[in-house]
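The chain that follows stands alone, in the form predicted on its own, written as structure tokens.
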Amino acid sequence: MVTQQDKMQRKGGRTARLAERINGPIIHKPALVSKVPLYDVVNEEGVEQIHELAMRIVEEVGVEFRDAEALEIWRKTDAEIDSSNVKIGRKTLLELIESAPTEYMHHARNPDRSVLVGGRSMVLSPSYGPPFIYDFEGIRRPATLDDLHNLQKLNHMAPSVHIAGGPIVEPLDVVVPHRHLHMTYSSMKYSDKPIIGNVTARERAQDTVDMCSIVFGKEFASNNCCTTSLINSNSPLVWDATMLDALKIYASNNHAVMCSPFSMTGASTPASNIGTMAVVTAEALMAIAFGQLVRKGAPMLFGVPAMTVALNSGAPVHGSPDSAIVQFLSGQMARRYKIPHRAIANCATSKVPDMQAGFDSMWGLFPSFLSGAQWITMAGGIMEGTLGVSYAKTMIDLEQIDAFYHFCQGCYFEDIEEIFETIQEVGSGGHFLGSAHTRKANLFIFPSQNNVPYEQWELDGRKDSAQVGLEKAKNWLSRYQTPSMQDDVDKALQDFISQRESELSINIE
């Protein structure tokens, strides 16, 4: 008979083992080099059909550039310009995008954290832009600067997340004209991984570059990629002045830009995977080409945040087979043009970290990794169709990211002789639990996964995944250590923020 004391002793052993897994040393993994085959959803003929449709769009329909300065830059080419509509021949377009690099180095203030983007190298970055946080009580509320700092810390500690982020959440307790300064400082202070820049106004992009100049030196920050930033078109077929201003600032300083149409199949793009892909290809290529007119060789990414629309509500949908197909197609088109591909990962439209959130996220994870995306955004915590980020879901998602990192290592054949010797040693009817080969095995175990019997789960407090995620987030934050930054650099950044806040406050008044 098993007594209550026996149960408690077992619980103590399990708790200790779980604590050992959760409290293990923080490991920063390098950019992922996938060893599994990429998956194509159409053949080469299909890729060329999409390409042909996209070329007809840029030649016969055109893309609007609603910015006078951008139109003047386009006039230096043989583009046909009518008001803000720009049409261009495919020959000129393809020649321009050929100068965009197939890979680039994104520098971090800690050189050990710098990452190569492109080729077979894949990097992951955090959530982007939600105004709401699902906090430690599971309550949805406006995000604050403290929340931003917390999420920077968690992503800094995440082994398979390579980018510190920037606007992981919008800190709504900071006035808009000052907000970008604190978001950039947060990413620089609380992590030493590469950062994402601000794109909500020309001067805010310039402030980001100026803060990079403080960290890296002006000459370096004017000629090397110190940020990779995200701009969205207004699909269908419009680039506005705000996004183009950010592109101009970053491209002129040789910083990378993700040119990402905001596509929603059935709403902002045709209700067709092929039609959607053709429209977003036209939009993305035109922005990439424009970036090359600003500075030849500036790094660009072909970015498609594949989404569909719920035709019964008009709301964006993450996590569907149709969006997965578009993500796979995006990978194929990006490879055709030899431009790094940006995808999205753990996005969910669910309002709680439940089964729907898990399904939604997996429909983003699989196509992102298996399409060979070189930059995967939204890698943790996103709910409510990108309007909210959850502390609980962030931790659950980070474990899934680690699992995919492991999965993409593929099969290991180097120990095949040792495998045979182990089988020979165990023989018929034995087991492999105690073998030397098993003891050093690299089998992935989810740190927070509940795989104990029901009685043990009940004794442990009947915790669901949300509770486990919240406990893990609190645990990590208690163990966080701020990466070192030179005192003079930190002071210079804070002085810059104070000066710019003073200048910007004049405009507020």
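Fair warning: this is a prediction, and the values are worked out from it, not measured in the lab. Residue numbers here begin at 1 and follow the sequence given.
The same protein also exists as the form predicted together with a further copy of the same chain; that form is not shown, yet it is the one meant from here on.
Novice: Go through Thr102, Thr438, Asn110, Ser252 and name the one with a heavy atom inside 4.5 Å of a further copy of the same chain in the model of the complex.
Specialist: The residue from Thr102, Thr438, Asn110, Ser252 that makes the contact is Thr438.
Novice: Tell me, out of Trp74, Phe407, Tyr128, Phe216, which residue has a non-hydrogen atom within 4.5 angstroms of a further copy of the same chain in the model of the complex.
Specialist: When a further copy of the same chain is considered in the model of the complex, the option within 4.5 Å is Phe407.
Novice: If we take heavy atoms and a 4.5 Å cut-off, which stretch out of 194-202, 263-271, 117-125, 222-230 is in contact with a further copy of the same chain in the model of the complex?
Specialist: Heavy atoms within 4.5 Å of a further copy of the same chain in the model of the complex occur in 263-271.
Novice: Is there any non-hydrogen atom of Arg56 lying within 4.5 Å of a further copy of the same chain in the model of the complex?
Specialist: Contact with a further copy of the same chain, yes.
Novice: At the 4.5 Å heavy atom threshold, is Ser361 in contact with a further copy of the same chain in the model of the complex?
Specialist: Residue-level check for Ser361: yes, a contact with a further copy of the same chain.
Novice: Although a further copy of the same chain is absent from this view, report whether Val304 comes within 4.5 Å of it in the model of the complex, heavy atoms only.
Specialist: Val304: no contact with a further copy of the same chain in the model of the complex.
Novice: Is Tyr185 near a further copy of the same chain? Define near as a heavy atom within 4.5 Å, in the model of the complex.
Specialist: The answer is no: Tyr185 has no heavy atom within 4.5 Å of a further copy of the same chain.
Novice: For the stretch 347-381, I need every residue with any heavy atom inside 4.5 Å of a further copy of the same chain in the model of the complex, listed N to C.
Specialist: Going through 347-381 in order - heavy atoms within 4.5 Å of a further copy of the same chain in the model of the complex - the hits are Thr349, Ser350, Lys351, Val352, Pro353, Asp354, Met355, Gln356, Ala357, Gly358, Phe359, Asp360, Ser361, Met362, Trp363, Leu365, Phe366, Pro367, Leu370.
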